[in-house]
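Form predicted alone, single chain, as structure tokens, below.
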Amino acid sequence: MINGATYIRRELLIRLVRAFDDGVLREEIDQIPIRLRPKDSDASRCCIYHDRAVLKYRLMALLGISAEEETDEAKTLSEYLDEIIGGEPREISEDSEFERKTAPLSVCAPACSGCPDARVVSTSNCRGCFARPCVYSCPKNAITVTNGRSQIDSSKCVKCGKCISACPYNAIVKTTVPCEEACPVGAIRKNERGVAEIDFSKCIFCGKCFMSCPFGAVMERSQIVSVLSAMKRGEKLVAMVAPAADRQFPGTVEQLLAACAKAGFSDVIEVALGAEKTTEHETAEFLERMEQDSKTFMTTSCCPAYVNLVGKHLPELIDKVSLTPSPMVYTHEMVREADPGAKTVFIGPCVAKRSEARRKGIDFVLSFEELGAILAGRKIDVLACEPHPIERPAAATARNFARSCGVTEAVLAEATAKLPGFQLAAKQINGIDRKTCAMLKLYASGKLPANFLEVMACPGGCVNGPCSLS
């Protein structure tokens, strides 16, 4: 959804691309916050200087810098840029965890509003009605009526919501901390200063906090400047475009790939080709597991946020996760086999793919937002591009991997082709949240029946990823 936070993020991305292409990024990058918030402009926060500080941190994230690791506030953006373009190894304190050093997410403390704790409150809409439905519905006797107004004792309230449902005036509401409410694993909490902080030992990089923060305080660490620099150096970069790109940009997938080539990528390839290999190998692995134990079940392994969830929070499911690599990994292997000297750039809508890419040796990851900024910055109209001649996936199901149930459909088609009449007792987890995390535990214990379980972190699949354009 387009809002003020996404607008400013995309505005900064496009400005970075244009300044880089004009050869003036080093001279202009420290001026961008000032130009966006000139002296006499209206401030979004307490003052324009606060706004400028936030914009500086946003630009740091777009350079790939973690706000949590930086303590030198006097350091300029141009100095950070020199490090990124120069490729110099950045010094990081020894006591920092590996996850924090390499995490794709970062929190901008000056942008965080320090939301009050989640609680149930009675508003001025309360009429102090004679029926007292809120009082009688509360199982903890947490509500009293004083001076004709209901009062909620937060020390007794368990936030069950029964009073909210009972009130005929909608006078009782539950306030939330959006990032904490969205996180399915409790990885983000306010620190002693009341500022949001991510515990990277728990974080699965699903990007839900990134999408939900109304202040845009959770930022994604970008590699866009590193990709632009590699292009300028003449390195061979192969764009690996995820199946979720369908309908993210105007025109056809073939036109989008042509636009990528026009934007400076040496070659382009559909990750749907890798999805065909994932289907083949995951089906073979599934049938082999069923042959060994017909009562067991297997889960998909394509969603890196789900794989992170199992590794950090659901050890009982580790041996149930397919060992088959994701389509991104297979596509990377195809590129390297054809040209060992090429560098791969995965382009998709996912935050967690950045963590998977780090583990699997993919060189760069760009989001659809970042690709859109490159196309906009270089004034490339996708609709005006002639379709790029590419190798299309043989199976139509390969392009459906980005949608919920797409992997299941592909495996079912492959399995029935090998074993006519095969019955796939498949289930789907369509979005990871606290409720579905509990469901996963039930599947692990055998209390919910299935032999094949598809898990997508994003409701609807990758097409609704946190870094989607639409």
Partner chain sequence: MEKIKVEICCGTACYLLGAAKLMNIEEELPENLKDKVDIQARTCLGLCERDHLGGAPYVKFNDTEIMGNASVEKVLARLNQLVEGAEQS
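These numbers were taken from a predicted model, which means no experiment stands behind them. Residue numbers count along the first chain shown, from 1.
Beyond the structure shown, there is the form predicted together with its partner chain, which is absent from this document and is the topic of what follows.
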Query raised in the report: Closest heavy atom of A376 to its partner chain in the predicted complex, within 4.5 Å or not?
Result: yes
Report task. Examine P214 and determine whether its closest non-hydrogen atom to its partner chain in the predicted complex is within 4.5 angstroms. Result -> no
Report task. Check whether I362 has any heavy atom within 4.5 Å of a heavy atom of its partner chain in the predicted complex, and answer yes or no. Result -> no
Requested in this report: Would you please decide whether P250 lies within 4.5 angstroms of its partner chain in the predicted complex, comparing each non-hydrogen atom pair?
Outcome: yes
Query raised in the report: Among the candidate residues G264, P133, P393, G372, which is the single one with a non-hydrogen atom no more than 4.5 Å from its partner chain in the predicted complex?
Result: G372
Query raised in the report: If you check L273, V382, L81, L237 against its partner chain in the predicted complex, which one has a heavy atom within 4.5 Å?
Result: V382
Report summary line: Only one of 296-304, 204-212, 341-349, 242-250 has residues with a heavy atom within 4.5 Å of its partner chain in the predicted complex, and that stretch is 242-250
Requested in this report: Could you tell me if all three of K277, A284 and R289 have a heavy atom no more than 4.5 Å from its partner chain in the predicted complex?
Outcome: no
Query raised in the report: Going by its partner chain in the predicted complex, which residues of 6-21 come within 4.5 Å of it through any heavy atom?
Result: Y7, R10, E11, I14, R15, R18
